Ligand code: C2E
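What follows is one chain in structure tokens, specifically the form predicted on its own.
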Amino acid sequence: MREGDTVARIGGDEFVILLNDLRNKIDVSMVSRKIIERFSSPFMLNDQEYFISTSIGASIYPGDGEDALTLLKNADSAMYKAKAAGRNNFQLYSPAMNEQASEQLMLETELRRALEREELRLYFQPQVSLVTGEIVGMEALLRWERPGQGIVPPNRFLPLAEESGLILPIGERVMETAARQNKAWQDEGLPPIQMAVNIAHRQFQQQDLTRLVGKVLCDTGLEPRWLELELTEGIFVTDTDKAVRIIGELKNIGVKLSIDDFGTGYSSLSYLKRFAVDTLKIDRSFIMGIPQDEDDVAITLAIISMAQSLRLSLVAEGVETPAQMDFLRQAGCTSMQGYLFSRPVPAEEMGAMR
């Protein structure tokens, strides 16, 4: 900082920097880049290296506010925009940020009401054997049927649910509803198949997942082998020791475990060896390009070969064309999921399909 600049800690890990007599937004950007650059090197504390990310939001007088409170509020909005953009960057305030924040707050309020009003429904997408053509499993997918506005896309409300913590009660309800529906189909005489349920990162880290799964199985009467929990790759690297413990507990219960969107995150042979998963789901981003794209073909074949060597089941996601299906069958993939066979459908349609 220059002589006359002010640095103040306002609480927690948040600081305010007051810069006087800057000429324009370019000057603000230059100072922000210098700060981020200084934090890019590790800090040594007690012979231990610590890496710290830095997110900066900036507002400029008088265009972004004519009083201290407004300037602080708008810089704060810009800072959260910087965090949402992946951290370790800076954002200049714009009026659209307040509009977006208001919209997000309104959406969060409506989502809380949707949970109370039971506007959140489960749809089911079948998983089909590439050998027999039979339905061998299904994935439970959450949909928000907002009155008067139709279905809200999952990518719009699920990140908000995880950020706000609503994913915990929502995730618990999804698991209970999916397990109960699967048991109901079995009671109707339909062949038993696995029901896959997505587990959010926050659920895995904060919720007593083992207790929840045990309670759901007890309350619904569903046998553990017919419930599959889909985990993301990020779960395995956040707290490895904790992940090993939780996965071991879940395996002792008897449920199946799969890795969703495999190949897009922290794919590693080492964690496949350490974590006792049952299934890999090949991400749709690789399936889209086959059989034309050579890179997608090479990656898909490598995943299939690896899964076969480790004796893991495989599900290819996002299969939409006969050419994709034929390629996967010939390459040795065992199951597929996608619009070629069926879109996600409500429970009554899924029951009739089986």
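These figures come from a predicted structure and were not determined experimentally. In this text, residue numbers run from 1 along the sequence as written.
Heads up, the form predicted together with the ligand isn't pictured, but that's what we're talking about next.
Enquirer: Is Q91 close enough to touch the ligand in the predicted complex, meaning at least one heavy atom pair within 4.5 Å?
Expert: Outside the cut-off, so no.
Enquirer: Taking heavy atoms only, is P154 within 4.5 angstroms of the ligand in the predicted complex?
Expert: Because a heavy atom of P154 falls inside 4.5 Å of the ligand in the predicted complex, the answer is yes.
Enquirer: Just to confirm, D296 within 4.5 Å of the ligand in the predicted complex by heavy atoms?
Expert: Outside the cut-off, so no.
Enquirer: Please tell me whether any heavy atom belonging to D27 falls inside 4.5 Å of a heavy atom of the ligand, as the geometry stands in the predicted complex.
Expert: Looking in the predicted complex, residue contacts with the ligand do not include D27, since no heavy atom lies within 4.5 Å.
Enquirer: Between A200, V128, L71, L280, only one gets a heavy atom within 4.5 angstroms of the ligand in the predicted complex; which residue is that?
Expert: Checking each option against the ligand in the predicted complex, the one that comes within 4.5 Å is A200.
Enquirer: Exactly one residue in L141, A82, L166, V255 has a non-hydrogen atom within 4.5 Å of the ligand in the predicted complex; which is it?
Expert: None of the other options qualify; the answer is L141.
Enquirer: Is the ligand in the predicted complex close enough to G137, E176 and E228 that every residue in that trio has a heavy atom within 4.5 angstroms of it?
Expert: Looking in the predicted complex, the three residues G137, E176 and E228 all stay beyond 4.5 Å of the ligand (heavy atoms).
Enquirer: Based on heavy atom distances of 4.5 Å or less, which listed stretch (58 to 66, 325 to 333, 312 to 320, 37 to 45) is in contact with the ligand in the predicted complex?
Expert: Result for this chain: 312 to 320.
Enquirer: Heavy atoms within 4.5 Å of the ligand in the predicted complex is the criterion; list the residues of 10 to 35 that meet it.
Expert: Nothing in the stretch sits within 4.5 Å of the partner.
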